[in-house]
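Shown below, as structure tokens, is a lone chain in the form predicted alone; questions about how it binds or moves come after it.
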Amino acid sequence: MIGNVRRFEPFGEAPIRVIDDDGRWVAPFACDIDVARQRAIYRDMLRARRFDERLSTLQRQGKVSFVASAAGHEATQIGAAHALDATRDWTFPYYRDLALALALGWPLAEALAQQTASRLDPARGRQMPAHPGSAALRIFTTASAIASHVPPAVGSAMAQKLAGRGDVTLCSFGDGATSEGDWHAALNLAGAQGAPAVFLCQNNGYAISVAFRHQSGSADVATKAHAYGMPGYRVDGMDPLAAYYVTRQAVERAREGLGPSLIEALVYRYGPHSNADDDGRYRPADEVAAWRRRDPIVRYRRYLEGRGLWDDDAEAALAAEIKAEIDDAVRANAGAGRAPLGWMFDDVFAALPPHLRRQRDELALTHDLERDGH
């Protein structure tokens, strides 16, 4: 049992949901989530959406080079984040997991610094935008190569099992990752070793432009869990409470030493794959419109309002708070300036090797290495 909640059964035909599209509670059990967390989930979802929108604006202004929008994925990412213990669990995200990282405590100003490669960026401007990571929060730095982070996530989980502290690793990815050999090898190893891992697939139906039906002979991702000896769950990924409850169940199962789980969350990305993508070439407009009518933020606000936990005044206050936070982050990063070009030579070696010293000296002939980069 999870509180007063009966456990969800794996491999169900219909996606698991707790609230319907109109925000009505439809689960066969009572909600045991405290009011503060229910409100926090909404705050995190709206905060992530507004920050996502600002990043797109900054990209059009030439201040951010790359944006992988998470709009439409917020319910799954926020729900999963609230099911973890950020003081002990490890998270291996992918490039669309900005909402997940923010909900785990990644400071918004630091997230913007990573996107803009400002002097405030702990990665010192040397990581591609939309690649969250935080040693303090146990968030493994995102890798660009699809599914390449899944084997290290299994390694992390196996180390946690050997340590015997009951810690868990959550590994998140898109449906395209499930077409990679790394993904299958990693899940096979996790199942064989009973690794305390939770694999979270955010299936938005497209690996860039390739529809899921062209990626796999399986009807869904969760079915693949059969082959690796773990339970597989299909979840309505536009329902944050369903994402929370199922992830919480999988996390508790892993803590109890019962091994890994695979969760397939059915979501939709409202924007293109990235700012370099024209999604109108492969997605019909009516499909996008239909999913927009299921917006997870609107849906969850209806749920809160129906329970008397939210109103227009609370919405206005939260919107103003989020706008002020984002505005402050934009000003701070703009004032700090871009990471200097010379920083690319730092931190890798205790003593810079001769060939890199030569490259640095040659670059210094034409550039001020300590001046803000471009």
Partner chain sequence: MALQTIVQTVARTLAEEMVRDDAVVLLGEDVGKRGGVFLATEGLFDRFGPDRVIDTPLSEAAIIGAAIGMAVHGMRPVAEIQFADYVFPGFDQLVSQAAKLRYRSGGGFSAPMVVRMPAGGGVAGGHHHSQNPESHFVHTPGLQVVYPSTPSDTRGLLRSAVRGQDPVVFMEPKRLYRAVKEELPDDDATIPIGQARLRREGDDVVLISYGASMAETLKAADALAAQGVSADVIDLRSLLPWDQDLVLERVARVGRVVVISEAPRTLSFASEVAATIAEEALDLLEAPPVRVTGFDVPYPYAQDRAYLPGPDRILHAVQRVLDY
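Numbering follows the first chain given and starts at 1. Since this is a predicted model, take the numbers as computed values, not measurements. In this text, the rigid core denotes the largest set of C-alpha atoms whose superposition between the two forms falls within 1.5 Å.
There is another form of the same protein, the form predicted together with its partner chain; it is not shown, and what comes next is about it.
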Query raised in the report: Just to confirm, residue 339 within 4.5 Å of its partner chain in the model of the complex by heavy atoms?
Result: yes
Report task. Would you check, heavy atoms only and a 4.5 Å threshold, whether residue 127 touches its partner chain in the model of the complex? Result -> yes
Requested in this report: Examine residue 26 and determine whether its closest non-hydrogen atom to its partner chain in the model of the complex is within 4.5 angstroms.
Outcome: no
Requested in this report: Indicate whether its partner chain has at least one heavy atom within 4.5 Å of a heavy atom of residue 365 in the model of the complex.
Outcome: yes
Report summary line: Given 40-48, 344-352, 325-333, 53-61, the stretch touching its partner chain in the model of the complex at heavy atoms within 4.5 Å is 344-352
Query raised in the report: Each of 180, 215 and 277 near its partner chain in the model of the complex, meaning some heavy atom within 4.5 Å?
Result: yes
Query raised in the report: Counting only heavy atoms, which residues in 186-214 are within 4.5 Å of its partner chain in the model of the complex?
Result: 207, 208, 209, 210, 214
**Report entry** Residue shift check between the shown form and the other one, rigid core fit, residue 24 Cα at least 2 Å
**Finding:** no
Query raised in the report: Relative to the superposed rigid core, does the CA atom of residue 13 travel 2 Å or more between the shown form and the other one?
Result: no
